[in-house]
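Only one chain is shown below, in structure tokens, and it's the form predicted alone.
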């Protein structure tokens, strides 16, 4: 069979992900693997018709498409995102239609599931037959057990092609884009009380996004900084080189760092506005997010109120919602809200967002984290401590200074109490008593906290 490998890595043959493909190439010598470096060659694909047509020919002649990409900031790299946009812009979907497809990613398994959900949705939109995915840790190929599973995974893909196995669509088609919204000036404005409001966008003139950005800016009584992300002057997308790991300095000598320091760092309220292209924000926004990796694994939005304005069918894109909410939470911010142009009173929603963002900023409210942030922190903590700190020096310094190496095993009082309780539970009579009264044991510490709460006492006093 002819397998077309679409590599999303900007590193070409030096890609970690591509080594997994090379392993499969050795394991299945009876099949032909044709690698197209969509990530590395994205500029050529944009500018050279010959290169684009040559890639499409490779896809047209293949029996199956194998997406192979690293995970950059919860999704595929901006370069591969741009390639997917080109398919739509150049009406090339028919070349992909009907092809069997699968995907492999490499990462530290941080939000790898959202990258795979995105690729699956794209394949469904292209009318491809998506058979599944393999998510690998960057070092998994060193394990023979994993090698065996990788062979089985790819064997299943080949069998699906040979058998013409039926594949059901998982992600419903997206609705057609609605007409740009028109918004009148708000009747009043919210006092920002000295809070710095920044709105970043990539709006096209006359778009709903532009109208929402303009209206939200008018909802604030104080000064609002509005900037198009193209003003960052990015010379290119993240190259995945990790040279920023030592001191958080990117290899690019362009305006991104200055733009970040001027707008993002001092913002108390940070609003990001984007238009949906395929199933995510634009490749320009993805490049912006990828370039922010120069900050390392340090929470870049810590203490801020973050909000999003979305043009497009956001309500149909659970994966995009998960990425945007996860980004705010993982970066130490509070999600003040998301406003879309889909339906309802958009003007009222924008005004409510302005009021809420200022009020929560004034109160310094940061919502308690949920599973993605807790799990994400532990992945970063363990990966950095477990080996990445040798390279990611800036991360290691930050984690040490802020007590983020919070391994439970270092809580010695808890270790002692757990050991004592464990020994006591080996006594049948004690175990029966604990099981019978478990609910009481669980709530007693909380009841004591309620009785001794200084927060409640302060609120009663103020009343």
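If you're wondering where the values come from, they're calculated on a predicted model, not measured in any experiment. Residue numbers count along the first chain shown, from 1.
Heads up, the form predicted together with a small molecule isn't pictured, but that's what we're talking about next.
Of the listed positions (326, 376, 240, 299), a single one reaches within 4.5 angstroms of the small molecule by any non-hydrogen atom in the predicted complex, namely 240. Taking 160, 349, 138, 167 one by one, only a single residue has any non-hydrogen atom within 4.5 Å of the small molecule in the predicted complex, and it is 138. You can rule out all but one of 451 to 459, 21 to 29, 5 to 13, 438 to 446: in the predicted complex, only 5 to 13 has residues with a heavy atom within 4.5 Å of the small molecule. Remark: residue 73 counts among the residues lining the small molecule in the predicted complex, judged by a heavy atom distance of 4.5 Å or less. Contact check for residue 290: a non-hydrogen atom falls within 4.5 Å of the small molecule in the predicted complex. The closest non-hydrogen atom of residue 340 lies beyond 4.5 Å of the small molecule in the predicted complex. Proximity of residue 108 to the small molecule in the predicted complex: non-hydrogen atoms within 4.5 Å are present.
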